[in-house]
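Given next, in C-alpha cells, is a single chain: the form predicted on its own.
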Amino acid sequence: MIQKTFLHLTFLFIIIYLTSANAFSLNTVAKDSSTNEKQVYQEKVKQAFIESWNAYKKFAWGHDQLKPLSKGFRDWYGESLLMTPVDAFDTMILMGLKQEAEEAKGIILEKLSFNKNISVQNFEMTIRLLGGLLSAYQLDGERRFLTLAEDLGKRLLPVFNSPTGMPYGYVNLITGVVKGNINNPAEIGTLMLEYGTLSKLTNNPIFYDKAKKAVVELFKRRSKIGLVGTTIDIETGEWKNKESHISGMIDSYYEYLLKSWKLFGDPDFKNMYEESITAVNKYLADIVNGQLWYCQADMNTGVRTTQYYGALDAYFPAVLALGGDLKRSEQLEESCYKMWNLHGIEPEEFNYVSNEVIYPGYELRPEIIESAYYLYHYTKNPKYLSMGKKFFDSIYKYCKDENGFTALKSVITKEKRDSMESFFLAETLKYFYLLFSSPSTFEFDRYIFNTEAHPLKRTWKN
C-alpha cells in the first residue's frame, strides 16, 4: 500500500513538473516571438527612414524638405534653413545610423546660417531648429551645435518685445522686425522647453525668463472657469477667438505646461498644469457611446460648440499618461484608434458623433504613434504594439512612394500629396522606432521630448 502510494505521488510530481516546464517553454516561446516581431518592425522602421533620407539626398539635398512626387524640394522662406537635416539628426543618433548622422552633421556645420534677411515663424523655428540643435548638442557633444542654437535664440528674442511679453508670430532674422500680433496659445506657450534649455546650457537666463513670462501672461488671461481661447491679441491681451479645445493652435500649450515642470522642476508650471488640466477635463471631456473624446467649447461658459477630433488631438493621451492619468489616457487612445480605423488611416479632423470627415488630409503626423509609445512604456500592454504595427502598415501601404513617403490629400480616396514634412523623420519614424525597441535603447525617464520629438535632458543643476 505504501509502495503504491509512493508510485502515485511520484507520477503526480512528474506530471506537475512536465506541465510547468511546458508552460514555461510556451511562455518563453511567446516572449521570444513577441521580441522577434518587435525587432522585425524596428528594422522596417529603420529601413523606411533610410529610404526617405536617401530620397531627400537625391532630390532635395541642402534644402528644407523633399517633394517626393515631383522629385523636387521646398524651401520655407526661399532660402534653405536645412530643416530636414536638423530635424532628422537626433533620430539618426537614436537609430544608430552613423553614416547618415555624419552626412547630416557635415552639412549642418558647413552650411547652416541664420544670417538671412527673412521673416520666420518663431514657433516653427523654435520647435524644429532650436530644439533640433539643442538635442544634437546634448546627444553628440559637438559644441558648434550649441553655438548655432544660441545664435538662433538671440535672433528670435525680439518676438517678446510686446506690451504684454507674449510673443509676436514672426521676426526678421537680421533686422529683428516683428509682425503678427494675433497669436495663439500653442505658439505662445510652446517655447519654454527650448528657450529654457538654451538658458541652462549657456548660463544666460534671458531665454528662460522671456519664455516663462509669456506663458504666465497667457495663463493669467484664462477665463474664470480656467480655459483659454484659440487666438489672442498679444499687444492688448484681448481674446479674438474664444473657442477652447485641445487641438491645433492650443494643443502644445498644455503639453509644455506639464513638460516644463518635468524638465526644470519649476513648481509654477506644475500649478498651471494642474489647474488647466482640471478645467479641460471638466468642460472639454466628452463621452459619446461609451468612448472618451475632447470637444470644443466656449472658453467663458464651457458650453459645447462642436464635437470634432483629429490627428493633432491624438497627442493628448501621451500628455495624460505623462501626467499620471493612465485611465483617461487609455480610454482616449482607444478613441484615437477608432478614428484611425474609420478609413484605414486617420483624417486631419472628423465629427466623432456622426463619423463624418471634416478635413480629409493626412500629413504623416506622429501624434497617435507618440501616444501609443507612451502608453506602452507605462503599461507594457502589448495591444499598443499591435496598434503601432497597424499604424505603420497603413502608412506604408498608403503613403509609401518610390521616393520616400507622401502626405495624403484624402484618407478616403488615398490620393497622395507632394509633401514629406521634416517631422516625418523627426517624430513619426522616431516614435515608431522607440515603440518597437527594447527599453534599454532609450532612457525614457531621463529625457523630455519637445513637441517635435527632440529629446532634451537635464544636464544642469537647478
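Remember, it's a predicted structure, so these values are computed and weren't measured experimentally. Numbers follow the displayed sequence, beginning with 1.
The protein also exists as the form predicted in complex with a small molecule; that form is not presented, and the subsequent description refers to it.
J.: So the small molecule isn't shown here. In the model of the complex, which residue out of Phe436, Phe423, Tyr56, Phe405 has a non-hydrogen atom within 4.5 Å of it?
T.: If I apply the 4.5 Å criterion carefully, the residue I get is Phe423.
J.: By the heavy atom within 4.5 Å rule, which residue out of Pro317, Pro185, Gly153, Pro366 makes contact with the small molecule in the model of the complex?
T.: None of the others qualify; the residue that does is Pro366.
J.: So if I measure heavy atom distances to the small molecule in the model of the complex, which of the stretches 125 to 133, 283 to 291, 170 to 178, 204 to 212 falls within 4.5 Å?
T.: Of the stretches listed, the one contacting the partner is 125 to 133.
J.: Using the partner position in the model of the complex, report whether Leu258 sits within 4.5 Å of the small molecule, counting heavy atoms only.
T.: No - in the model of the complex, heavy atoms of Leu258 and the small molecule never come within 4.5 Å of each other.
J.: Please determine whether Leu312 contacts the small molecule in the model of the complex, using a 4.5 Å cut-off between heavy atoms.
T.: Yes, contact at 4.5 Å.
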